[in-house]
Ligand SMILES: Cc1ncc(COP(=O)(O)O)c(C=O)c1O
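Have a look below at one chain only, the form predicted on its own, in C-alpha cells format.
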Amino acid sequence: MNSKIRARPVGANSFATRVWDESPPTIPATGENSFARTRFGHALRRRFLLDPSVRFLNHGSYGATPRAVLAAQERLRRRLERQPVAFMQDFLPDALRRTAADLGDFIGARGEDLAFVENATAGINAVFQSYPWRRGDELLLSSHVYPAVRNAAHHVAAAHGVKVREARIPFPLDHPREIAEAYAAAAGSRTRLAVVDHIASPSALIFPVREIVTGLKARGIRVLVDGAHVPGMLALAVGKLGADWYVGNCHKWLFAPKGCGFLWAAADAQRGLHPTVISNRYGEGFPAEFDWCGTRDPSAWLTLGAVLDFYRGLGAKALRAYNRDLAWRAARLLAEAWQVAPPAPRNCFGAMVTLPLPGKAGGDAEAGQRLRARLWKRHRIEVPLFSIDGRLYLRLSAQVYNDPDDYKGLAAALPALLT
C-alpha cells in the first residue's frame, strides 16, 4: 500500500514552497496556439467570469465557461430570437450535424455516430431506457459510480425486474489493474450491460477502460462508458475503446456552456436507441430522434466551434499537461502538510486528485457538505468533499486559471476547521 508521506510544517523551506520552485509552464508557441505569450495560471482568469476573490478549486463539478464562448452563445441566441422559425426549422438541422462532425473529429468518432444531449446523465438514461431488458437480467456498475447513474440504474431495475450489481473498487489502491479485476469478479452469467466509469466522479480515479471493456465484451456483456469528465481532460479516441456506447460532457473540461453533452453509439448499438423524450422524429433512427426532442435552447451545442477554437488556441497538449501536473503537485503539497498519503499512484489521476482528510476525519456525505460550507464561508475556497467507504475525501481540480497559491491557502485553512 502507499507509504505515508512524512510531513514538515508549511514554511519557507518546506515542501509547500519547494514543490513550486519552478515557474508554471508557459504555453508553447505552436501553430494551434493563438495565446502563445500567455502564461497559464491567474493571468488567464480574465478570460473567465470567475470571482477573483474566490479560490476556485472545483472545476470538475460544473466547469467554467470562457467569456469568448459565452459571447458566441449570446450571438446564437440573438439569431434564434430574430427569427425563431427559420432558426429551428431551416438552420438548426444542418448546423447540429456539422457541429457533430466537428466534435467527432476532436474525440475520434464519426459525426453520424454522435447525438447531442444535455449531459452525460441524460445519455445514460437514454441507453438504460432503450435497452431490451428481460426479467432476471443484471446491470453492473462500479462502487464509485456517479449517484445519478446509480439512481437511474435502480429505477430501470425496478421497472423491468433487473438486478443491480456493483464492482467493489478497492480504495486506496496500488495499481489500476485492481479496478479491472473488480469488474471481472463482479460480472455474472446474467450480466447484460455494464457501466464503466472512465473517470470516477467521487474518487477522480482514471479507470483502465480499454482493459475493462475488452474483458466484459469477451463475456458477451454490452458496455456503456461514462466519460463525463474526460473530454478536454484526457486525449480521447472513442472509436478505439471497443465500447457500445460512450457519454461525455463538454461543459466540464472542454469549456462549453452548461448543458452540452453527447452520446456516441457504435453502429451495431444504434438500433432501438431512443431519447428519453419521444418527439416528432420518432422512428427516423439514431441520431435523428435526438436532434429534435421538442423546443429547447440548442445554443450550448452550437458553440462547440468556438469552444474548440478556444481550447486548441491554448495549446491542447500543453493545457492537459499543465492541469495534470498542477493537480498532482497540489496533491503532494496537501498530502505533506496534512500527513496523509494519496490513495492511488499518480497515473491513476488526471486534472483531479482526491486526498483523505487529515487525522481520523470520517463522516458521511452530509458531514462533507458541512465542511465544504465552512471552507467557503470562512476562506472563500470552493472545493468538494466526498464520503467513500466511511471516510471523507477532498477532490481538488486544476484548470489553466489556477496556480500554486490557490492550493497553499487550502493547505493552511482546512486543518483548523477539523479541530
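The structure presented is a predicted model; accordingly, all values stated were derived computationally and were not measured. In case it trips you up, residue 1 is the first one in the sequence shown, and so on.
One more form of this protein should be noted, the form predicted together with this ligand, which is absent from this view; the next part is about it.
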- [ ] Taking 4.5 Å between heavy atoms as the contact cutoff, choose which of N119, Q129, S299, T99 touches this ligand in the predicted complex.
- [x] N119
Task: Residue among L139, V213, A330, I199 with a heavy atom within 4.5 Å of this ligand in the predicted complex - done: I199
Open item on the list: Please determine whether L103 contacts this ligand in the predicted complex, using a 4.5 Å cut-off between heavy atoms.
Closed with: no
Open item on the list: With the partner left out here, check for me: in the predicted complex, does some heavy atom of F91 sit within 4.5 Å of this ligand?
Closed with: no
TODO: Please check if S61 has a heavy atom lying within 4.5 Å of any heavy atom of this ligand in the predicted complex.
DONE: yes
TODO: Would you please decide whether T303 lies within 4.5 angstroms of this ligand in the predicted complex, comparing each non-hydrogen atom pair?
DONE: no
Task: Which of 235-243, 221-229, 289-297, 173-181 sits within 4.5 Å of this ligand in the predicted complex, heavy atom basis - done: 221-229
TODO: Scan 251-289 and write down, in order along the chain, each residue with a heavy atom lying within 4.5 Å of this ligand in the predicted complex.
DONE: H251, K252
